[in-house]
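Here you get one chain, nothing else, as structure tokens; it is the form predicted on its own.
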Amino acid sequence: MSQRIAFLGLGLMGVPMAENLIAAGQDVTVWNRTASKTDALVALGAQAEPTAAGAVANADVVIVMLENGPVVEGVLFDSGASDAISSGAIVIDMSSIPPGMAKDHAARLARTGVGHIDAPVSGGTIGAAEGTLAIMAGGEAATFEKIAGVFAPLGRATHVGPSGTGQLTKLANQVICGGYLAAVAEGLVLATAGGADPTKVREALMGGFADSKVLRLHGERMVQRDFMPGGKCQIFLKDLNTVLDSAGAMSLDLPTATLIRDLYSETCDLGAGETDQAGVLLAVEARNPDARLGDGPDRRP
């Protein structure tokens, strides 16, 4: 059944997600700070509003897909958008923000009769375009069930627990993915330094226990030195800092997460914050200046 959906935030992920909702027959209204980004979606059948408050008025579901917690806070609450959301509507925050902030947003919206699900995603721009995102949803189970049809065109949604646990699951995802990314970069550098062909090394590893989506997709990016962003290193670093902040609040010691965070911090310090997450290779290579994957030029923003 079609619902009136307001979609706030049309970045690398937001645009293909909104396109999939429109293609599924949903009634979609879009808003973005840079208004020109709404033009292509309007051509596909969306409505555009110049303000976030205007976009959410009369919406059954409000989807938020923004860069970080402070931006979500500003757009959803400081702009007055939350005051314009009708009682009974549901906000789905698909941004990656701190778990405590997600819980706070849920509580504030509940006071006005608005439901809230924190539902960050994994799968990058490819998953967003193909509608195959892994969606990690935290909030009340009954609220989650009401919006199952909204999630369907976007990917596979799993309810993982109460408010904030969607964000915690995304943090777990970032630790695991970060470990894979760093390990693939180091493994390829190791083999290449010893004279192996990195393209063939990657092929040889696929199908064995070292195989993973990261090896297949990001490993190929590394070998081809294609660092055009699907997910940016600086945003990944933001998430890894949130991992360690959250771990500290729970008195947890996560040594691997700390190492990964430090590598991505080095990557950003090299001026590669806008590159794809595969850009962690650049930090590994900077530590080993005589080891480089291939002779081709880097493709990067």
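So that there is no doubt, residue numbering starts at 1 and follows the sequence shown. No experiment lies behind these values; they were computed from the predicted model shown.
Unshown form predicted together with a further copy of the same chain; subsequent notes refer to it.
In short, of 86-94, 191-199, 72-80, 104-112 it is 191-199 that has heavy atoms within 4.5 Å of a further copy of the same chain in the predicted complex. Exactly one listed residue, out of Ala129, Ala210, Met228, Ala152, brings a non-hydrogen atom to within 4.5 Å of a further copy of the same chain in the predicted complex: Ala210.
For Leu263, a non-hydrogen atom is located within 4.5 Å of a further copy of the same chain in the predicted complex, even though that partner is not displayed. Although the partner is absent here, Thr143 lies well away from a further copy of the same chain in the predicted complex, with no heavy atom inside 4.5 Å.
Contact between Glu220 and a further copy of the same chain in the predicted complex is not found at the 4.5 Å heavy atom cutoff. Taking the partner from the other structure, a further copy of the same chain in the predicted complex has a heavy atom within 4.5 Å of a heavy atom of Thr256. Residues are counted as partner-facing when one of their heavy atoms sits within 4.5 Å of a further copy of the same chain in the predicted complex; in 171-205 these are Leu171, Ala172, Asn173, Val175, Ile176, Cys177, Gly179, Tyr180, Ala182, Ala183, Val184, Glu186, Gly187, Val189, Leu190, Ala191, Ala193, Gly194, Gly195, Ala196, Asp197, Lys200, Val201, Glu203, Ala204, Leu205, in sequence order.
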